[in-house]
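Okay, so here's just one chain, in structure tokens, the form predicted alone.
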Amino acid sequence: MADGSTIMLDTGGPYNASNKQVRSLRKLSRRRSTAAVLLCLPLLVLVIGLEVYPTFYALLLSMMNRKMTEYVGLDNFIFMISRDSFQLVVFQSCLFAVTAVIMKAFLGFILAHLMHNIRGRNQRIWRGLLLIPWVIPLALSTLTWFWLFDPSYSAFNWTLNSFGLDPIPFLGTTWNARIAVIVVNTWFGAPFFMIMYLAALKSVSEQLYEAAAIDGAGSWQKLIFITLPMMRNIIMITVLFSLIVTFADFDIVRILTNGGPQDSTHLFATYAFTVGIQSGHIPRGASVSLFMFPILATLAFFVLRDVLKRNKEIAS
């Protein structure tokens, strides 16, 4: 009788179903994908709370009137596009981002090669020194640059006066101010490119360079046919990341020029702050900030498509 009851419990009934559920839960918990989702869950919560929700909320605000009491559709976007000041912001943002990223990539590439050719302890010392501009808080370093460019107490103009040269209004004219903010952004961001490119250079096998040297390849040929192709993915991803960050830059322009002279150095972020916070029209400020999304989404699409295509070619 006892044996029979045991057989009945094992072959059917609710007890057997509960055992199957326990075993399925154990199998689920042992899967790597489940563990990966659980580990990434805090990050997903942060992304949703700090990125996804504010984005949709900004989209909602951009379609409301100034008092945020009724929807006006795309009127805020149409109004901003028709303004000359906003068209100037689009031009300045594109000029600032593209020029600064090109300069940072070029300077970072040169510094990475110089660091790569320094051996031993000296490389660590120089690498640490060159990372200082990127480590210092941007607001503090921009205040230092503001003092260097200041029309009354400029260290640059004091140096020029020492050589009998006329002072330069670094922040007083349109193109001087544009060049000034680009220079500061390049100074701040070049170390990031340097450290990324240096890591990519260290991953390139020395055997490739030795084989190319045996075939008679020179330095430029090694650079063009070995170094650049091997670093292509890192270069593309780094440039994309820097474009996104540079387009959304706020501190440099806000501290150096506050968008002047005559709104000629405003970027999307600073102009959105001016329109939305200082002028009190939050929906239009939200619409200005959302103009960055299609530009950056298009850049990200083409860059990531190229990276994925290259990865497939390497894998095949």
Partner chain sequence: MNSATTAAPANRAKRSPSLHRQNQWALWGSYSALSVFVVIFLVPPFYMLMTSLKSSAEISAEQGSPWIVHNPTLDNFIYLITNPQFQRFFFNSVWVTLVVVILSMTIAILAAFSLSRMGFKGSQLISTGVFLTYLVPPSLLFIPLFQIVGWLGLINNTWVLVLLFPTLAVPFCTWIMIGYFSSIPKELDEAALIDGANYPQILLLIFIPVAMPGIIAATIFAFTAAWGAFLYPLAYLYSSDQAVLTVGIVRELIRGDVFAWGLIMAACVLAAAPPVIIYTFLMDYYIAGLTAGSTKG
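Since we're looking at a predicted model, the values are computed, not measured. The term rigid core refers to the maximal set of C-alpha atoms that superpose within 1.5 Å between the two forms. Residue numbers count along the first chain shown, from 1.
Separately, the form predicted in complex with the partner chain exists; it is not shown, and the next lines address it.
Stretch-level contact analysis of 149 to 157, 90 to 98, 174 to 182, 69 to 77 against the partner chain in the model of the complex, using heavy atoms and a 4.5 Å limit, identifies 149 to 157.
Contact with the partner chain in the model of the complex, defined as a heavy atom within 4.5 Å, is made by none of Ile102, Tyr209 and Met231. The contact with the partner chain in the model of the complex, taken as any heavy atom within 4.5 Å, belongs to Leu129 out of Ile81, Leu165, Leu223, Leu129. Heavy atoms of Val307 reach within 4.5 Å of the partner chain in the model of the complex, making it an interface residue.
Looking at Met292, you'd find a heavy atom of it within 4.5 angstroms of the partner chain in the model of the complex. Within this chain, Ala58 lines the site of the partner chain in the model of the complex, having a heavy atom no more than 4.5 Å away.
When the partner chain is considered in the model of the complex, Val204 lies well away from it, no heavy atom lying within 4.5 Å. Within 4.5 angstroms of the partner chain in the model of the complex, the stretch 128 to 145 places a non-hydrogen atom from each of Gly128, Leu129, Leu130, Leu131, Ile132, Pro133, Trp134, Val135, Ile136, Pro137, Ala139, Leu140, Ser141, Leu143, Thr144, Trp145, taken in sequence order.
When the rigid core is held fixed, the Cα atom of Met68 travels less than 2 angstroms between the shown form and the other one. Relative to the superposed core, Met292 undergoes a C-alpha shift smaller than 2 Å between the shown form and the other one. Inter-residue distance, Leu304 to Arg232 (Cα): increased by at least 3 Å in the model of the complex versus the depicted form. Inter-residue distance, Leu131 to Val307 (Cα): reduced by at least 3 Å in the model of the complex versus the depicted form.
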